[in-house]
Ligand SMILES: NC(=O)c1ccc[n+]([C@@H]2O[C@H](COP(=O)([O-])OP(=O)(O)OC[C@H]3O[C@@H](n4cnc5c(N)ncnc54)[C@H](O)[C@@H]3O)[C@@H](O)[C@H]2O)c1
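In structure tokens, the next block holds one chain alone, the form predicted alone.
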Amino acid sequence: MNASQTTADVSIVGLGRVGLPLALSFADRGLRVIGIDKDPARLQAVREARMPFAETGAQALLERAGASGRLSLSERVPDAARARHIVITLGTPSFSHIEIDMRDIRSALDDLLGVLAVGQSLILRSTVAPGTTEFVAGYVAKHRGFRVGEDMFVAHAPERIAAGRFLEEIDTLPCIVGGVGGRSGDVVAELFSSFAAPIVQTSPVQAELAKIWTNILRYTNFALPNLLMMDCERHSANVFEVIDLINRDYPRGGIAQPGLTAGSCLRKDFAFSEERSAAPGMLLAVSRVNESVPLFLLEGLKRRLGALAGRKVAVLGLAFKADTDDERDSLSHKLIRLLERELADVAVHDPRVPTPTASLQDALDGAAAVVVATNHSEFRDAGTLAAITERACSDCLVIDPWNCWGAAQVFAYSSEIAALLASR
């Protein structure tokens, strides 16, 4: 078989939050798509035209793809070779001791080796460590004898789209393509020209570094206000007022707001650089700041309320960021575990995640403290603050590192917040 004998235009290996919207977007633009995933429940949901997770506008695309017949599904990775272009969107975790875990990608390569054909392209869409794309090309060449860039095409085309913005950003964010060998970049660029976004070709390692450091930049930028928040607590200062002083009418300001910084990309991607870093420990220190925010909030709560054993604490939000249903690598879970180790009675409410949680009313009833762990738009509503005042204890402590209601207090009693807002 060669590429001219394939029965589909593109296959997507991994139908998660990166792969499924990409598959649907290709199908919506007229391409014949094969979606591959080993999760039977996810495949069944897609077959039934049900999005297995929230992504703005994707449900309509899924329904159109089903009606058009341009999307077929399989649980077998080798079936991906029925398409001319094979896009790998598998997860790329890191081991706890700062070593990149390539087992999923290696496993997919092994499944594909025997069925790859001349003229096909193999595209890494997943976040990978520098050198991984060249490794994949070398692995294919070693085991099949393909001349990469001539017989077969290998490239890294990193995903940089934010959750909830896929359909907007797939047509606007520049698409980076790092091809191995002579023609890989052009072949893969042709595939992604299905979208309106400009395509920027570069080397594989520069594409890998661009993706990794996009996330490292954000992770580091968010660590600074989190460290400032801790410093302000030490000096009895108001972090929101200090941030305003830094940023107000100052051309070199721009510090962000504090919050729980996590998620499946930001929380791990620094390890792709840290594994072979020229400054070992620098990014680990950034991670330590962000990872210590739950403990900082817990300790601030205990300083104000004392022992938490037997006292109810409501945690609002399980998702890792506002207005998403994605709770992967969310620091809310870490916060909850820390509270439980203090023997607190923890009640959790999140209106968006698939994990069952208590209703807002049940979570707040009799709570001695409320922690806003995720700044969902539902929580930023004045009605949530009113519900806290009505249902929680009269001296309820509210922990709000996101400044959801504009009271500009990380730690404040509900009566204080009400008085501050009423005075404005």
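The first residue of the shown sequence is 1; numbering continues from there. What you are looking at is a predicted structure, and each value in this text was computed from that prediction instead of being measured.
Here the subject shifts to the form predicted together with the named molecule, a form of this protein not shown in this document.
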>> Taking 4.5 angstroms as the heavy atom distance cut-off, pick the stretch from 222 to 230, 99 to 107, 237 to 245, 180 to 188 that is near the named molecule in the predicted complex.
In response: 99 to 107
>> How about residue 89 - does it come within 4.5 Å of the named molecule in the predicted complex, if we only consider non-hydrogen atoms?
In response: yes
>> Is it the case that residue 39, even though its partner is missing from this view, gets within 4.5 Å of the named molecule in the predicted complex, heavy atoms only?
In response: yes
>> in the predicted complex, does residue 15 come within 4.5 Å of the named molecule, counting heavy atoms only?
In response: yes
> How about residue 328: is it within 4.5 Å of the named molecule in the predicted complex, going by heavy atoms?
Replying inline: yes
> With the partner left out here, if you bring back the named molecule in the predicted complex, are 9, 82 and 120 all within 4.5 Å of it by some heavy atom?
Replying inline: no
> So which of 273, 290, 127, 332 reaches within 4.5 angstroms of the named molecule in the predicted complex, heavy atom to heavy atom?
Replying inline: 127
> Which of these residues, 349, 312, 352, 268, gets a heavy atom within 4.5 Å of the named molecule in the predicted complex?
Replying inline: 268
> Quick one: which residues from 201 to 234 get a non-hydrogen atom within 4.5 Å of the named molecule in the predicted complex?
Replying inline: 211
